[in-house]
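This text opens with one protein chain seen in two forms, each one given by itself as structure tokens under the names structure 1 and structure 2.
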Structure 1
Amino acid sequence: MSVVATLNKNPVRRNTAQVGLFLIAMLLVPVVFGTGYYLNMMIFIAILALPALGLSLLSGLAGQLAISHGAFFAIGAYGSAILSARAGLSPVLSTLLAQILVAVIAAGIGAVVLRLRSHYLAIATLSFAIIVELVIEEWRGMTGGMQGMLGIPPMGLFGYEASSDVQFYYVYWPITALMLLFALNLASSRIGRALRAIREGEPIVSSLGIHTAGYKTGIYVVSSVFAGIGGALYAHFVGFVTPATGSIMFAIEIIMVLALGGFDRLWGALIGVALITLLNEYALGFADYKKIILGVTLIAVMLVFPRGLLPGLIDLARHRRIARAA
């Protein structure tokens, strides 16, 4: 049996091989292309890929569209920032403890709002995101309010702290790769198959005796922790956080990422993050019109390619190739 056939038969090995090759390629980027300005952008891509992967698991795999990932990104960022800057804990420990907070909040919120479906779920999670943003702005004694928090220590352990973009790059991209591998293996597992079944027909799945509420709450918690980890990594990279860190606009950008890369494609989430990061970088001159541009683009993509721009273009090219062959 060939190596390719063996990998196709065992999705865990296939995913491990793919992510391993991807990580090797990413770790070679600074060696091949140097350590200039674009390395900083690549670090942001590694950070923002985490909430995008989390939302892809929730919306693409389980069919539950939520607009709360910006809020959990902010909770992860502020939680880790407060624990490290104010309580004096190490950034690694504060990051882990912040994810416990994210998981507890997500479990409580998910148990309530995931009873809703479609746009009702989106509205409910949007309301939660607005509440989180207001709490951050008003709890000035802890969060700094509109001024934000400064002096957040960089990621480090045992006295070692990352002090350059290269060091952050070699810490953050392995973390993102591990989270990507976890997401791919989850999607390939029995749990992933159950979540796809819930996406396609929840009433039918429930009639078979499967506890759909438990599956949906579980994937909501996992998805939110992805966003929380991204928020913590962001806080310890930039060294400060503000209410804009997890704003509604940020949540919309994550949805836009999936609209470009494909809602049900985990690898596509990485491509979407890279595209959005580049667009934001080269569209600074149109900052006043950013919301309008993103909104119109999102509507256009959803109308023409409901599954996302990248999958839609791939399907279109496949159909044209079949038509020519016929």
Structure 2
Amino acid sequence: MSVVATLNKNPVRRNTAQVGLFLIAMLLVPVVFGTGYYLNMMIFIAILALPALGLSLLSGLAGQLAISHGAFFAIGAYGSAILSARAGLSPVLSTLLAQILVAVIAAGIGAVVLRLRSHYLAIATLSFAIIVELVIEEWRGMTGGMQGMLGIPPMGLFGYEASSDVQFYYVYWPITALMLLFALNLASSRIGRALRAIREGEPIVSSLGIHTAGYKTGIYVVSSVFAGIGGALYAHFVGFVTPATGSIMFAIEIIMVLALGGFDRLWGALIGVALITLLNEYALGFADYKKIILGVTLIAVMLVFPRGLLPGLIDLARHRRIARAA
């Protein structure tokens, strides 16, 4: 109990402990279950968790809905692909450099677009996503147009490139865990507190002498970089990118992920991604009905747990406990 109390008093330690345990569990998975095709799926979960975590920071924490996470996933993917495949940079370096591009674009977009509220913001970021998709399709010399780009080097440094699923697994899950830790720390810091307050009432936050626009732009940039890193990891795992990478459909799927897992908890993003990936995979057998199965699942979850699976299950557990205590 005293350990728990100490951890609760210091959120950074609590987050580190939680994520640490989670990462250990994830790293033990291949040891326990061996290698196999399932690892491929797990790697996709690690990759897709990043844009989902990013959107969760923006929407769940700060209450701003953007449809640009697919676009920033694509910019991260294409940016890193071009820098590594065409300019010959190491994938680690190209991944990082691509994030500078993502951050600069996001800061520019954010400064203009975050003056807007609610659905206007969604429409404005949707327009941006459409522009990005067009640029990728039309800038053939650089992006390969509709054909996309092949031959993107696998993630690695100094000649040590990941070449098997199990290697990618052991490189990508620690990255995702660290990003999760970053997101959790941010959410439990003064910045997270300010953002949660902005979600509720921006004018009141301003009246406390807090420059709200700076916080909104800041979280938009951070959130977009999460998507951008996800994109780069994707490119260096599958080895090719096409305009379908980070399309608008993808952005909407990320929103669905949060609707499933729960917007207001970062861990919910992970659960949502895992669920969508599993559904996508196992509904594959039903080809034509895949979309229907996804849709029905989403509707069912929304009906039973309007706030998403994770918050819903937590509430349920609490009620059970209270009911038992009474």
Partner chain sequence: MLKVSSLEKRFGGLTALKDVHFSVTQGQIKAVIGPNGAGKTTLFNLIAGTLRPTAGDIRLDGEAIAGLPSSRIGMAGIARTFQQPQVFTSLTILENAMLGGHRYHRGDFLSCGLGLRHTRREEEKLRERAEKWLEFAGIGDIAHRNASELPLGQQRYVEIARAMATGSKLILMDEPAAGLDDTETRELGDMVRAISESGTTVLLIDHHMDFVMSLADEVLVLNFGERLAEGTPHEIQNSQVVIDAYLGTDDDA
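Residue indices: 1-based, along structure 1. Predicted, not measured: the structure shown is a model, and the values here were computed from it. Definition used throughout: the rigid core is the maximal C-alpha set that superposes within 1.5 Å between two forms.
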**Q.** Number assigned to the form predicted alone in this pair
**A.** 1
Q) Cα of residue 17 displaced 2 Å or more between structure 1 and structure 2, core superposed? A) no
Q: With the core fitted, just quote the Cα shift at residue 318 between structure 1 and structure 2, in angstrom to one decimal.
A: 4.7
